[in-house]
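First, one chain by itself in structure tokens, the form predicted alone.
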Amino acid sequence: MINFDFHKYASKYIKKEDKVEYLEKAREIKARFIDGDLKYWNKLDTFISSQELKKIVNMTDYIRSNCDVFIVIGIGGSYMGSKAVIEALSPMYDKKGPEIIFLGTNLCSEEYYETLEYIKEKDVIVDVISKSGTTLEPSIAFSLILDLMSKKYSEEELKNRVIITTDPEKGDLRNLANLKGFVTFTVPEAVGGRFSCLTPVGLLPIAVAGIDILKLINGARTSYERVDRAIEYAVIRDIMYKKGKIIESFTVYNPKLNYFCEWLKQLFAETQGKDKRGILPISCINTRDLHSLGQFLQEGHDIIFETVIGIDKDKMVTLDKYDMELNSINKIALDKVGLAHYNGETPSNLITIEEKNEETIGELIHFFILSAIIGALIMEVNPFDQPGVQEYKKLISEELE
């Protein structure tokens, strides 16, 4: 269950009259999600069919029983969502099942050298994720890993150790899978990478980590009924933007949500940062960053607002010194920092989950996906493209050729 407070530490910035101009647009957007051209974003089958869900469960059992290391190759949305959920919901130390390594996120030779050395004596299964099959970073990673695996395993065994998640019909990876008989999963046609966490792109690695993906999906389904909240958050962000708040800090008080913030930064930057418009997303992991970025949020330029994600219930750690649970002190810090920043002209939206589990993380994922799309519609930019990302690819490709 998620609770929203868009008033407590934002009230002097968000007036009732500010919202009036959005009423008609909000009604139009809601109609598009309920029964219009965007209704597929509120249907589970948009992201994952029951057949592919069953296939993921079966494949997960095989992966967890047959490898030491599960390598997930992808960049951007092809890995960020799954890494965010795995980091949020996995234990820090006592992990079960195969080690999960994310690769293909950069072009750093040192990382590849050390990874290849580390895995050369281990049993490996790889999942390469790319809709086009031609993105530079994953292509390089896959070629290196496939070369190593081809020296370790027969062609027959590779059929069960190489998984390709790609376009349902076309592309280099689909052609390779058809040629070699590799296991495949589908990236849904209508779902771009940054929205793909609840598709096979994200769900297979999440399941391999031992996380209950059925509960994650059920949590996302809860958000389907709360489009109004997503619209309200998108409207508030736009009001902040028009009042000069051009940077949004996604702020958390649990370091396990660090990569969830990284996913949020990609989600909002790629969805809305176009045509010289958009809010710049950053992140703060508190209370750590109160001793660095916190200074700017308190006394720096008045261009930032925060969206704070808090957790009501957490693990029990009691401090005799204060005769209190540590999580209660963490919540006091969240509240008083919100007040201090508000007094320093940095307002906050407060989003609180009852506890951190599959259901609440699933609900947060879909809430933010809807909010990002709605915010782009309000700003009148296309939510579903990312033309700026193609420019660097083109220049690198020309140089390599």
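Computed from a predicted structure; not experimentally measured. Note that residue numbering follows the sequence shown and begins at 1.
Absent from the display: the form predicted together with ligand PA5. The rest refers to it.
- Among residues of the shown chain, G192 is one whose heavy atoms approach ligand PA5 to within 4.5 Å in the model of the complex.
- Contact annotation: I75 falls within 4.5 Å of ligand PA5 in the model of the complex, judged by heavy atom distances.
- With a 4.5 Å cutoff on heavy atoms, V20 does not count as touching ligand PA5 in the model of the complex; it lies far away.
- At the 4.5 Å threshold, heavy atoms of K25 stay clear of ligand PA5 in the model of the complex, well away from it.
- Heavy atoms within 4.5 Å of ligand PA5 in the model of the complex map, among the stretches 126-134, 140-148, 299-307, 229-237, onto 126-134 alone.
- This chain is drawn without ligand PA5; in the model of the complex, the residue among Q266, S249, N286, T186 with a heavy atom within 4.5 Å of it is Q266.
- Proximity of M1, T360 and E363 to ligand PA5 in the model of the complex is absent: no residue of the three has a non-hydrogen atom within 4.5 angstroms.
- Heavy atoms closer than or equal to 4.5 Å to ligand PA5 in the model of the complex belong, across 372-401, to the residues Q386, V389, K393, ordered by sequence position.
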